[in-house]
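Here we start with a single chain on its own, the form predicted on its own, put down as structure tokens.
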Amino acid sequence: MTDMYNKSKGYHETPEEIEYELRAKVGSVWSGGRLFIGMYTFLLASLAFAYFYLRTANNGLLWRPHNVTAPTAFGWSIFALEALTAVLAIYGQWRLRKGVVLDWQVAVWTGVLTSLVALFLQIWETTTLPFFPGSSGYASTFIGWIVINIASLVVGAYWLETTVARSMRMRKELGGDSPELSSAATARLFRANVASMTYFWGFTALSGALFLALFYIL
């Protein structure tokens, strides 16, 4: 028993086992990001179903009385900022893959600013609506969209900020000119997180275009 105990104290993982665990962690970050987007898709799909159901039923002609519409200037401005943030995230990831980390950091910090401005405008829009939340089917589904979009912008801005902050912290921990591009475990996990964040913002821009058409154009 004593020999077995002493051997267990001296146990060390092999390089193959360490690499396998690291790949599993990177895969978890990759899969988790895509699963989160999948769950977000179901949430948006439920809102889209409610929109088309109420619009088709139009019980008592209460779907959209007097053809009310949310302020289009806010809608276009918010969507433009969301699309710009997505473009910045995509451009930043492209530059990161090219090895230009500074360009990535500038793009992401700019994306944090544009996403926060979009969040501010989305909240401000609620004070300028020409209808009450439960006054019609259109009003009810639009308020649902505002709540979802506010949550999306909060999550997206937080994800952007924590990712670039992690990059700056990594420089202090690992040192060197571009530790984000190294083969260190934290760097590989960081790049997987950047990819997931970029996919999320791309999907946010696409879904924003869909609901811009539903609530502001059609």
Partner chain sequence: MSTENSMKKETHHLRRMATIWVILSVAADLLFMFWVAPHVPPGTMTDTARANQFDFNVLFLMAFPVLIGVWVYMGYAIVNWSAKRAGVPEPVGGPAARGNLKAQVSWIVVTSIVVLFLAGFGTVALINGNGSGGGEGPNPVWMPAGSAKAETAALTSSASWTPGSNQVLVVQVIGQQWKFTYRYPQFGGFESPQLILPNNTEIAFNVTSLDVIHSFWAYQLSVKADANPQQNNVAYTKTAQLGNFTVRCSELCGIWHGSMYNYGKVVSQSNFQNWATTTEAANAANTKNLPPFAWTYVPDANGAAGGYYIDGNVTPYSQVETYGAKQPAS
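For clarity, every value in this text was computed on a predicted model and none was experimentally measured. Positions refer to the first chain, counted from 1.
FYI, the form predicted together with its partner chain isn't displayed, but the following is about it.
- For the candidate set 94, 76, 120, 132, a heavy atom within 4.5 Å of its partner chain in the model of the complex is found for exactly one residue, namely 132.
- Using a 4.5 angstroms threshold between heavy atoms, residue 183 stays clear of its partner chain in the model of the complex.
- In the model of the complex, residue 172 stays away from its partner chain, with no heavy atom inside 4.5 Å.
- Taking the partner from the other structure, its partner chain in the model of the complex has a heavy atom within 4.5 Å of a heavy atom of residue 62.
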